[in-house]
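For reference, the chain that follows is the form predicted on its own, supplied as structure tokens.
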């Protein structure tokens, strides 16, 4: 978190945020499924100013073969921010943050996948951040989950995600870039909504125990709203396929 300029008000007297949203309001979210023909599954998510593309390849043979597991497939995730995704051009290629977020996203997705059905194979997920505006890890999880479903990978449930945080001593849902930079805390959460299983829980910043528990509840509520949008996006794609076949 950065030190906030004195003149910057993240929350006004009427409870409206810097981008005009109310405290518990999500940014605008659009989702599209099957956007890449050469991938087994793909999805594109616009979440606020975030623009994220996810592609899935597999199950397929692993190279090198010593990485194979006889009892299950392995999930490999690569999260990458394009050099032009942020205001100050990012150095191309993976960095420490990208490697860390790749592992975090893999851990969030793995509990939803039935990997035992595909021994000695890999399922590879590529997440490209084309434009970043805070919350790219939760948006990346949402896009990757949709791409996995589009690829036909057997899943116990979709994985949805959202973040809550604290600005101007108030808890809010779905932080944007300014709120993420100058707020007090950020709590990203990923869930499998059918059983309310949490697959990711992190915190950056400082919250009391009571604030933390409330932020988690708020993030879960946001993730459930995102989950409905995921379901609608999948329905839309496959209803279109059925109508075209008819």
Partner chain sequence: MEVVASIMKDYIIELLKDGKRIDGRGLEDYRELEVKTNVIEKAEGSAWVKLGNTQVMVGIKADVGEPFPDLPNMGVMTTNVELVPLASPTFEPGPPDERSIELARVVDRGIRESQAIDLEKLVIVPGKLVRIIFIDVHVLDHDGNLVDAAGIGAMAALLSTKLPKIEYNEETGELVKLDEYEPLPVRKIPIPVSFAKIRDNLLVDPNLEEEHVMDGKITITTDENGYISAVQKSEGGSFKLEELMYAIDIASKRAGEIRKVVLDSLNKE
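Computed from a predicted model, the values in this text were never measured in an experiment. Positions refer to the first chain, counted from 1.
What comes next is about the form predicted in complex with its partner chain, which is not displayed.
Here is the short version: of 60, 63, 28, 195, the single residue with a heavy atom within 4.5 Å of its partner chain in the model of the complex is 195.
Within 4.5 Å of its partner chain in the model of the complex, a heavy atom is found for none of 80, 232 and 235. Heavy atoms within 4.5 Å of its partner chain in the model of the complex map, among the stretches 109 to 117, 157 to 165, 124 to 132, 139 to 147, onto 109 to 117 alone. None of the heavy atoms of residue 37 is located within 4.5 Å of its partner chain in the model of the complex. In the model of the complex, residue 69 approaches its partner chain with a heavy atom inside 4.5 Å. Residue 86 falls outside the set of residues with a heavy atom inside 4.5 Å of its partner chain in the model of the complex. Among residues of the shown chain, residue 204 is one whose heavy atoms approach its partner chain to within 4.5 Å in the model of the complex. Contacts between 96 to 115 and its partner chain, taken as any heavy atom within 4.5 Å in the model of the complex, involve 96, 97, 99, 100, 103, 104, 106, 107, 108, 110, 111.
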